[in-house]
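A lone chain, given as structure tokens: the form predicted on its own.
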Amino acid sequence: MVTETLLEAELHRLAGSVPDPELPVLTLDELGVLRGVRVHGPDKVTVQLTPTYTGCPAIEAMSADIERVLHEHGVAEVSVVTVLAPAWSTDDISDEGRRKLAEFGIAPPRHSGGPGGPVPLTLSVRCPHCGSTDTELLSRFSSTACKALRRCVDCREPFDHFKEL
């Protein structure tokens, strides 16, 4: 197993601090799309990024933002490569990311438990405004393809739900 150097860890922290262009309340690290940072020479770095889904239009903005941040911190040559395997899953969103989504008014995705993990006992989506699980689907798509539009039956407030993948 390759150990991450202190420089790689610092560059990972910097790249991971970039806000997601579609959900600026989350960083790329919290979203779980930043897969790795490798230093290949004095001023040459490769960053591995996995899109939330194949063809995600935000991947270009994410790459440009990572390049900008690392250039600002003295890295001359930054290469951002898209890595499709293993595929990104909503389970890759950190607990802090899930907390921020709910705080921002977006219902976070449920944990799937992964292969062989626990199966969720409920399919309900909790309202980020009042906490009720009595919600209804209004549209399978919202402001982005990875979110659905729902409404709480109790408080009547509409909200986005980050769909499970």
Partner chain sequence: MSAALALGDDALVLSHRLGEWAGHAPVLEEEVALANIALDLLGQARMLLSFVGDEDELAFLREERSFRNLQLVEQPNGDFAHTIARQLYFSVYQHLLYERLAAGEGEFADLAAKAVKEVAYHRDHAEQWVLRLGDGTAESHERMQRGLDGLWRFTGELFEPVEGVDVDWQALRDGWLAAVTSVVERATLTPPSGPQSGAWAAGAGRQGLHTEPFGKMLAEMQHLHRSHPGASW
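Since this is a predicted model, take the numbers as computed values, not measurements. Numbering follows the first chain given and starts at 1.
The discussion below concerns the form predicted in complex with the partner chain, not included here.
- Although the partner is absent from the chain shown here, T54, P57 and F141 each have a heavy atom within 4.5 Å of the partner chain in the model of the complex.
- Heavy atoms of S89 reach within 4.5 Å of the partner chain in the model of the complex, making it an interface residue.
- Remark: E8 does not count among the residues lining the partner chain in the model of the complex, judged by a heavy atom distance of 4.5 Å or less.
- The partner chain in the model of the complex comes within 4.5 Å of a heavy atom belonging to A145.
- Proximity of L84 to the partner chain in the model of the complex: non-hydrogen atoms within 4.5 Å are present.
- Screening 23-31, 45-53, 100-108, 124-132 for residues having heavy atoms within 4.5 Å of the partner chain in the model of the complex returns a single hit, 45-53.
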